[in-house]
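Look below for two forms of one protein chain, each set out as structure tokens: first structure 1, then structure 2.
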Structure 1
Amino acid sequence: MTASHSGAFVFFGATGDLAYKQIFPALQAMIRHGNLDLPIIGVAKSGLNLNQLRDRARDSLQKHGGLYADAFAKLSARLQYVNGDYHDDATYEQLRRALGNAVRPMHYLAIPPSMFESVIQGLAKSGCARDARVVVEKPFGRDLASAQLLNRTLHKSFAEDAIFRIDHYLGKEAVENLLYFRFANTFLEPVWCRDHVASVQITMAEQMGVQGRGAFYEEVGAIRDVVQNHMLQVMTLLTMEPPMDGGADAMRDEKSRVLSAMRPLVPAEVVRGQFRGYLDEAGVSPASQVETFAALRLRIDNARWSGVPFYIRAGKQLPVTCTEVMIELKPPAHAVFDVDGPAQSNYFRFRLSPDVLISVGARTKVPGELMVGTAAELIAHHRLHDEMMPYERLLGDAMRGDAALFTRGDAVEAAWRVVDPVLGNAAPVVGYEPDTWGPAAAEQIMAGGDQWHNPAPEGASP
């Protein structure tokens, strides 16, 4: 354990859904891999005792990732439990005693954002926030004003470098691979700019609907759920300038700069859709105007990307479940050979899920006397048999104080500034049939003859 490592892990909401599905499996994985040897303190108001919390942890692991006897025994031995109300000073005094002499404790707020202020005040008043770290789960607000309020609340008791805003999407191996590929390969830099890139598309498609979570989805919609966070974060990885080094500050500085250069959206650049049948979901208002699909055209006003259209599309009840990036390059300035069929430029294609691949679109000559070509794709396919779970990676980084994969407060606010003008009903919602690529109106935001690239099912050719 290094000098900057957290000396204890505290998670509020220890009996909640997030702890059950993600935190207990991540903690067991960290123990299995030799990366966790410190007190683990759960906090909740549930009426459970410590043995009952251990039973819940066991049940969690049996359902999410598997139970490993040796690792679970160590997890159980390190696990403590504070049962108390988040509004009661006695809860935090009990936590203070449980922490003992632990330095730099890490407090994970796996609770609704409405409870953040009470917990942060309790931590500060009891001394538990002194020289400590805090982890908060997305969503980081639901618009610009609430994000700014959340940041002010956090900054009352924690410095920015002690705040870790966790977005599990940034802990995925495929997303990290995108970042590495971008900056570890010399051949990309000369063409990674407005002189050679014609357009960029990012699609996050889901075949499933809201799966019984209609009431939740009514509060968010596609733009808040995945566009403002996951998809804009992928866009920053594609478009940020090379950082000075791989350190957290340098990386996050460049992310903030490119987010600040993104032009705020206007309703004419957004199409909102809702799949037929959404109104029949439990918890959904019969007159709901919440979008289950969003297509957007974005611009970046800087020297590298000025004039390049960026298209983002996300939706439910689409033909495939897939996240894919397509970077279309401009055609050669001078055509030496005739093209058999429609002209096609080169491209880079990144599939981030469910399978992971990086491919380059090129043209090769067709055998024979004539100098004619055909489209070909060069593919590097990654088989992630032993991929680290996102929460394992992110919790480990936070405990070490490594903030590179966490979102900084200024970047959160910059992302909200981009989407804030089109939240709510700024653009009308239009219906689309399940198992289609959304409403036909999505074609209207394409510029200069661009067309959507529809990802193929896993294993099929694009």
Structure 2
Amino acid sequence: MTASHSGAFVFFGATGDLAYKQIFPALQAMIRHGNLDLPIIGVAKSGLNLNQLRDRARDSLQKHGGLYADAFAKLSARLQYVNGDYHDDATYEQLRRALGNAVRPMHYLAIPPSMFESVIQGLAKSGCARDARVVVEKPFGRDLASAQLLNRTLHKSFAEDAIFRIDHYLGKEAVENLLYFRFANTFLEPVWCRDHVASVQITMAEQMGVQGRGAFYEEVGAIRDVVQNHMLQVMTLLTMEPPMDGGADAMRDEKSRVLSAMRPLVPAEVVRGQFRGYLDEAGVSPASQVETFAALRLRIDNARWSGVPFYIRAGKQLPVTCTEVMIELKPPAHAVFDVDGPAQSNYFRFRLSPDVLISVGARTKVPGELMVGTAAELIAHHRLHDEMMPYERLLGDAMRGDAALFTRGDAVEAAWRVVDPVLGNAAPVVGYEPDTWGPAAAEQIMAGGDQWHNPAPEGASP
């Protein structure tokens, strides 16, 4: 353990959904991999006692990834519990005592954003924030103004380099590989610009609906839930300039720069959809105008990307579960063959989940006398064995103080600036049938002859 490693892990929301589904499995995995040997302190107002929290952790692991007896025994032994109200000073005094002499404790706020302010104040007042780190879950605010306010609140008690804003997409192996692939290969850079790229699309399709999270979803909708964060982060990795090095500062400077060059969205270039049946979900208002699907067209006003359309589409109850990036290249400047235009031009395809692949779409000649071509795809498949879960990766990084995969305050605000004009009911919401690719209106935001590329279920060629 290095000198800058956190000496204790505190998580608020210990009896909540996120802890159950993600945090306990991540902690167990860190212990299994020999990366966690600290006091683990859960905080919540639940009335449970420590043994009951241990039972809940056991149950969570059985349902999410499996229980490993040795690792679970260590997790149980390290687990402590502070039961108390987040508005009550006594809760933080109890936490202060539980922390003992731990250096650089890491406080993870796995709680609704409405509670952030109270908890941050409680931590500061009790001394728990001294020399500490704080990890904040998404959603980070619900628009630009609230994100700015939240940043101000955090900065009162924590320096920017002690704040870790989680976007679990950045902890995904395939998402990190986008960055690696771009900057570790020579052949890409010459074509990675407006001269050669015709368009870029990112589709995040989910077959599932809102899975009982109707009340939560009513507060967010697809644009706040996944576009402002996951999708814009993927777009940033695809479009940022090469950083000076792999360090957190260089990386985050370039991300912020390209996010600032993204033009704020306009309602005419956004289609919001809602799957039929959403209104019947528990916790959903019968008159809800919240979108479960969004398709949008973006632009980047800089020398590399000026004029290139970027399309983002994300939705629930679509025909497949898959996140895929498609980068279409322009056709050759002068057509020697296929003079009527090839059926398909060159492209790069990055499939980020559920399976991971990178492919290059090319034209090859059909054997025979004629010089006619066919589409071929060169595919690199990544087989992930015992892949590190995003939360394991990200929590480990934060405990070491490595901020490279976390979103800096200015970048979060820049991303809100992009989506702010189309939040709420700026664009009308249109119904769509489950198991379709969203409302037909999504086609209308495509420029020129561009078409949506619908990812196949098994990662096959388009």
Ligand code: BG6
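Residues are numbered by position in structure 1's sequence, first residue being 1. Not measured: the values here are computed from a predicted model. In this text, rigid core is short for the largest set of C-alphas that superpose within 1.5 Å between two forms.
In this comparison the chain labelled structure 1 is the form predicted on its own, and the other chain is not. The Cα position of residue 329 differs by less than 2 Å between the two structures after fitting on the rigid core. After superposition on the rigid core, the Cα of residue 104 moves by less than 2 Å between the two structures. The two forms, fitted on the rigid core, differ between the two structures by 2 Å or more at the CA of residue 279.
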